[in-house]
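Okay, so here's just one chain, in structure tokens, the form predicted on its own.
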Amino acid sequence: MFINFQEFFNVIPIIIIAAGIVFSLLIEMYSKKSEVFLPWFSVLMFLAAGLHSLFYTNDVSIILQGMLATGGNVNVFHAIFTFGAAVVTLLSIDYIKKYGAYFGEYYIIIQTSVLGMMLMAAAKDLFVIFLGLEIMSVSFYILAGMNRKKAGANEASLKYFLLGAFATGFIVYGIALIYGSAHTTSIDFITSNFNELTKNLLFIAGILLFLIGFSFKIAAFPFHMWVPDVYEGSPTTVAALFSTGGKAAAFSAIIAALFALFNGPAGNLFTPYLAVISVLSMFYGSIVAIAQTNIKRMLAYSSISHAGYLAIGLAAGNHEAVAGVIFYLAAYTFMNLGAFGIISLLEGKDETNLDISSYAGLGNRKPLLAGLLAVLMFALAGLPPFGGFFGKYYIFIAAIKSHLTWLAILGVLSSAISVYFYLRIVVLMYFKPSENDFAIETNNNAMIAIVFSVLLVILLGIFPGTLIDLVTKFI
């Protein structure tokens, strides 16, 4: 039997993570120093998989009898997931001890969730998307309630599980209808016959159910109801993973499964749905975030509005939109990871110091932390010259090219609203005196992760063409 070693080489990032999970289990079972080894082993594993993905983006292929894709934008997504997970792991080393949630399986479950994300991005079959989604989702439900002694964590885990399972039902039913009308779950077949298949009402219903199910996963209005409570109740570093890797994986699955929407007029059929959830998400997230006093809830509503901006790209339905969405996800991942990282440093042992007023006077007390957080707030607000600005710019340009100028204008208005609650943090840090002088314990591991995130956000703003050119080449 002929063995194609090139196939194995192309899928090395997934193999690294899968093998790493097995080794991590062995380390946890047999090493008395697993608490020290596991986080650093995880970081090395994520960096190895991410660097391999970036170096071999040109090795585009479809392997395992048409089930998985490698190279191209699949590898770009893999790099986003793995580098993001490396940042989360570094942030977690000291945080989970403070939070009281150190269990050996913590890092193993993070690794497992990343494996699910990578399968979703690489999928060439709807069942592979479902498999990846379930691996990621079950890992997330466990991570949300990692500290069983905290009532908020138990509530977050249960809410996430119930609503996540409900959303998965939509996706499974959608896949069933797609299979019933197309007689296959092959994404390539569905893409090449998309225009013909859209004449079948069952197929259209299946695609809509699929999109509705993933609207839960990307936290788009009106399917956002789980987001604020889950982010607030989960460990801060875990909430960072939910809001970045989880969201990026869901968008990667939509792009992989429904790439036909970005290839011509077929996308117009689903543009009304995507445009409506985009507008509702942008404005609901931006307006409600203004009223929040807890910074994790504020970032939760912020993530709903960012899902709206990304949905503009899906509604635009052209190649520029795909490039814009991937760029935006890369920038958003590290903007949010950096912000949650700083929150995890300032957070007290019993989830104290999470009120926005706690940040008053931070500019005088911790100038470096305040400066890094200010940069991240400017980036999240979409101000130049940071990555967040160019993410929105590329998506708005794609919308204008698809004759959705009105949607781009509404996106700009929503961005203007969001500037208020992001800059409010900066004003508090530099122009308000400190109300309570709580101890701030900085640690080198978390600072490395935060500085790395901030540098990436700045580099994406200064050299946006580097990533856009790479992404565009493979569309």
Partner chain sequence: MEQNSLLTYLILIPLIGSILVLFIKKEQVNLIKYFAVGLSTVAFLLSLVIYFQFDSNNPEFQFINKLEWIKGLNIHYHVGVDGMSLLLVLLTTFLTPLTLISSWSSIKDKVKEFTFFFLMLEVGMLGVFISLDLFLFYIFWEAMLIPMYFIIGIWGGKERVYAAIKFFIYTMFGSLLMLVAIVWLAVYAIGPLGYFTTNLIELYKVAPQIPMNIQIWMFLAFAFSFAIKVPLFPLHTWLPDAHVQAPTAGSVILAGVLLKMGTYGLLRFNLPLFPEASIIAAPYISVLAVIGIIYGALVAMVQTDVKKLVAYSSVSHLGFVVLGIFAMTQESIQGAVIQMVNHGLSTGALFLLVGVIYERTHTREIADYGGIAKLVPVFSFALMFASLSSVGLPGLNGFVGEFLILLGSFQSPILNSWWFTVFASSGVIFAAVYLLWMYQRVVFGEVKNPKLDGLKDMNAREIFVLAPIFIFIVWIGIYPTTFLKVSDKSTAKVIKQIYHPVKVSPVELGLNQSSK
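Residue numbers count along the first chain shown, from 1. Worth saying up front: this structure is predicted, and the values here are computed from it rather than measured.
Missing here is the form predicted in complex with its partner chain; even so, the following discussion is about that form.
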Q: Given its partner chain in the predicted bound form, answer whether the residues Ile21, Leu54 and Phe81 all have a heavy atom inside 4.5 Å of it.
A: no
Q. Does Tyr430 reach its partner chain in the predicted bound form, with heavy atoms at most 4.5 Å apart?
A. yes
Q: Using the partner position in the predicted bound form, report whether Ile397 sits within 4.5 Å of its partner chain, counting heavy atoms only.
A: yes
Q. So in the predicted bound form, does Tyr420 come within 4.5 Å of its partner chain, heavy atom to heavy atom?
A. yes
(Q) Does any part of Val426 reach within 4.5 Å of its partner chain in the predicted bound form? Heavy atoms only, please. (A) yes
Q) Heavy atoms within 4.5 Å of its partner chain in the predicted bound form: which stretch among 406 to 414, 23 to 31, 442 to 450, 55 to 63? A) 406 to 414
Q: Have a look at Gly180, Gly348, Pro222, Pro385 for me and say which one sits with a heavy atom within 4.5 Å of its partner chain in the predicted bound form.
A: Pro385
Q | in the predicted bound form, the residue from Phe242, Phe390, Tyr301, Phe262 that sits within 4.5 Å of its partner chain by heavy atoms | A | Phe390
